[in-house]
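Just the one chain here, laid out as structure tokens, in the form predicted alone.
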Amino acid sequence: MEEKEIIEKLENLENELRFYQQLGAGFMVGRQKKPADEEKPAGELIGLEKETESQLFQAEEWEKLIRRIRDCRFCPLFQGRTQAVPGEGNCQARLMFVGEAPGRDEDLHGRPFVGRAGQLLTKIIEAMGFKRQDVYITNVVKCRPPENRTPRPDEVKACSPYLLHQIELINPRVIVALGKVAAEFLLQTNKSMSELRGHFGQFKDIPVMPTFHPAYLVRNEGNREIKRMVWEDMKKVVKLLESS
């Protein structure tokens, strides 16, 4: 393939990527044009072409996944939802947070962790040296259970393929499991949060740090010891990220 043809094909792919950015695939970054005297050799352009095609494929996969989540009727929870809550953030994040299920505020806005617990999670993320847009935030179950009850095992089973696909697409360096439902699912254990938190487990080859759900911290607002324990957990996560 001639170098001119490669450049034209890349420009077409860039236009498609820009289209997917407008759809909300914010993790896509278009190729910046360089002056003629800085053009890359054909061999490097071929490598860039493959990378761009991979990004386009991932954008299409995310679009299909989000659509499936929003249209899902695999369990009875769809009957009471205002809208499903797929998740949000950097789709190439090194750090991923997984909670249990959306609450009332999340159901209304279609975004994860936007209520009081979400505001606290945002503060935790910022204290770790990140912004919300740097990480990816989602839940095991994508629709709100009635009265914010704990998701039932059948609901977790029906919804879990969506989370598994999200983890596969993101391939984070570390996952933080927020609360017992997320920890049980990712680590396949029935141990209590007191036993689990503070110790890395494994989901496939990905380290998982179980910690208390922000809602638990909100309910125990005056308990400084719980806050201290969560912060100790997050310091271990930061240390692992810095070492990798």
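Computed from a prediction, not measured in an experiment: that's the story for all the values here. Numbers follow the displayed sequence, beginning with 1.
Just so it is clear, the following notes concern the form predicted in complex with a small molecule, a form of the same protein that is not shown.
When you look in the predicted complex, the only residue of G103, G89, P172, P86 with a non-hydrogen atom within 4.5 Å of the small molecule is G103. Interface membership of F97, defined by any non-hydrogen atom within 4.5 Å of the small molecule in the predicted complex, is ruled out. In summary, the region of this chain contacting the small molecule in the predicted complex, judged by heavy atoms within 4.5 Å and restricted to 67 to 75, 122 to 130, 158 to 166, 104 to 112, corresponds to 104 to 112.
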